[in-house]
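Okay, so we've got a single protein chain in two different forms coming up as structure tokens, structure 1 first and structure 2 after it.
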Structure 1
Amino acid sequence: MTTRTLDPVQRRAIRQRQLRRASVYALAILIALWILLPIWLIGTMAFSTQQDVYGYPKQIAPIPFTTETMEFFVNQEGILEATRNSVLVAVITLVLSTAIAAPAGYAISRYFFAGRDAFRLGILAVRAFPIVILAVPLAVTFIEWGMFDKVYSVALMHTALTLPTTILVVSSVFASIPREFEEAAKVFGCNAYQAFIRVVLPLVIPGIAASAIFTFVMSWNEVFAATLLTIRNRTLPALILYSLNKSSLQFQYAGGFFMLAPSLVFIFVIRRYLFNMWGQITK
């Protein structure tokens, strides 16, 4: 059937549907450009010469390609140590958050107990508090306990920040797995632990990967608590923020790219688990 055989009302409906679809695509393209253009600019300047970094208008590609801007940034005092601290903090936060969120999310999604909804709301309410409300008392406590200016102290703080959302994400993924899968595994001889390990856990790995992305990126980029809780053992965002006002454009562009790169690599490596999770949840 062609559009010529349709009556005016049907043709108008088709045009409106096409217009809505085109509007959605146009909006998606604008949002993508809004996000990607600054990243592209930072990446271009991070691998451009010093003259191009200070020159105007900015070029759209690093021609000629050079690593002198990145070398200038990496060779600054304290950068490598701060990078190591950021990686260590992010890994510790990732391990602690996942280790706590997995059983907590399973319990929330599978068991019914008094105060379950209030407990879930309380978990989310913790994330609603501003960071300063958590960081300042923790800084005082860490000083009293001799834990101030330690890498693991920042990791504990980041775990407190990421854990509520991680628990809710993991519990939502557990809730998307039918209980019948576990019951079928028990029928075939598995106990509760074996049913969880062999049946449920492989299905929720994509969801755990999604929460891992959030946890890693949040810990890697967090700056306020890391600045407040450290002086000598600063993470990379805290060190960059401390040096930003007195740094050159080379330092700023290279620092921005250096902060972006690990998060982007982590997301690209783990993205296939996200696609699997979306497929499971939408089935």
Structure 2
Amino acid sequence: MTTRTLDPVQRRAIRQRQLRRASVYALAILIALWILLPIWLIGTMAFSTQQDVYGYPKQIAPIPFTTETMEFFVNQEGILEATRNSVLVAVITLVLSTAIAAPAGYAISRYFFAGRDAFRLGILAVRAFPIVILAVPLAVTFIEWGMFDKVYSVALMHTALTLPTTILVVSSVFASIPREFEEAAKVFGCNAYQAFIRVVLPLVIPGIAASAIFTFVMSWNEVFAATLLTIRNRTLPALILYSLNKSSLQFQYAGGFFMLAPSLVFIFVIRRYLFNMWGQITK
């Protein structure tokens, strides 16, 4: 087909099309570099020798490659403990948030009830809420209740932070499963509970897992509330923020890379569900 002779106008049109295609590719790659390059650079620092971290001019690849800077960071006092705290907080948050949000998400997507829209709207408002505001009174309240400086109280705060998002995501995941599936299961003799467990649940598990991962990431990244709510039992970001002024560049670079590295994996795992998560909020 391509061997058929084309007149100059057609050929020009095709060339223009190819040119446009190429420029879109170039743009796409440029934007990808804009995002990847800074990650590469801090990664370079995190795996360079101490001389290279302080050296100038900088080289843009970690040669010689070494883990001494990362080891230096991990061996700093309190880092392992803070990492453990962070993971613990994020896991508690994930479990609490998912357990509380899943039923609510199901209710919003499957039932029509008086107050449904109000509840949904309320959740949307809470989701957009400036969380900075809650951290101060919660810290004061936790002191009064004897819950200050505890890992679980940070998790309680983070659950309040992530719950609205999780509810919306879960409801969108449930909404993507046609109601007919459940009805079909009932036709074939399942009761409502069996229909849910055998038909709906297997279909929603991946989506809910993705939302749980995102909850984990949100908690892992949260700095402000964690800093206000803890003194000795700091989470990793809280500890790093707190030590910034008195820390070395090695500490900062390795710490920065250490904090962002998990997101490279997590976002990859949940990439298919991103629009489930965020597209939701415009509806």
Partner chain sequence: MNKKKWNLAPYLLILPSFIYLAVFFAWPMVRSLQLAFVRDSQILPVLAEADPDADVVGRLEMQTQVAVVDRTRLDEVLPNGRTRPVYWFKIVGETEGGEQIEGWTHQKNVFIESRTTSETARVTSGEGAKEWTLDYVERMINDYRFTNALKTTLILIVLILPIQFVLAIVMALVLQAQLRGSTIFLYIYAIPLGISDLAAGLVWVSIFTQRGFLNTFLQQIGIINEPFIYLSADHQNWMIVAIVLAEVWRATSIVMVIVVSGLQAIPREYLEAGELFGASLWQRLRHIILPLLKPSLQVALILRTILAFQVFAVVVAITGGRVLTVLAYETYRWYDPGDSGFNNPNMAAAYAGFIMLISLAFAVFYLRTVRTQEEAARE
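Each residue is numbered by where it sits in the sequence of structure 1, with counting from 1. What you see is a predicted model; the values in this text were computed from it and never measured. For the two forms, the rigid core is made up of the largest set of C-alpha atoms that agree within 1.5 Å on superposition.
Colleague: Out of structure 1 and structure 2, where do we see the form predicted on its own?
Modeller: Number 1 is right.
Colleague: Can a Cα shift of no less than 2 Å be assigned to residue 26 between structure 1 and structure 2, given superposition on the rigid core?
Modeller: Shift at residue 26: 2 Å or more after core fit.
Colleague: Using the rigid core as the frame, report the C-alpha movement of residue 16 between structure 1 and structure 2, one decimal, in Å.
Modeller: Taking the core as reference, the C-alpha of residue 16 is shifted 7.0 Å.
Colleague: Report, in Å with one decimal, the C-alpha displacement of residue 263 between structure 1 and structure 2 after core superposition.
Modeller: Shift of residue 263 at C-alpha, rigid core superposed: 2.8 Å.
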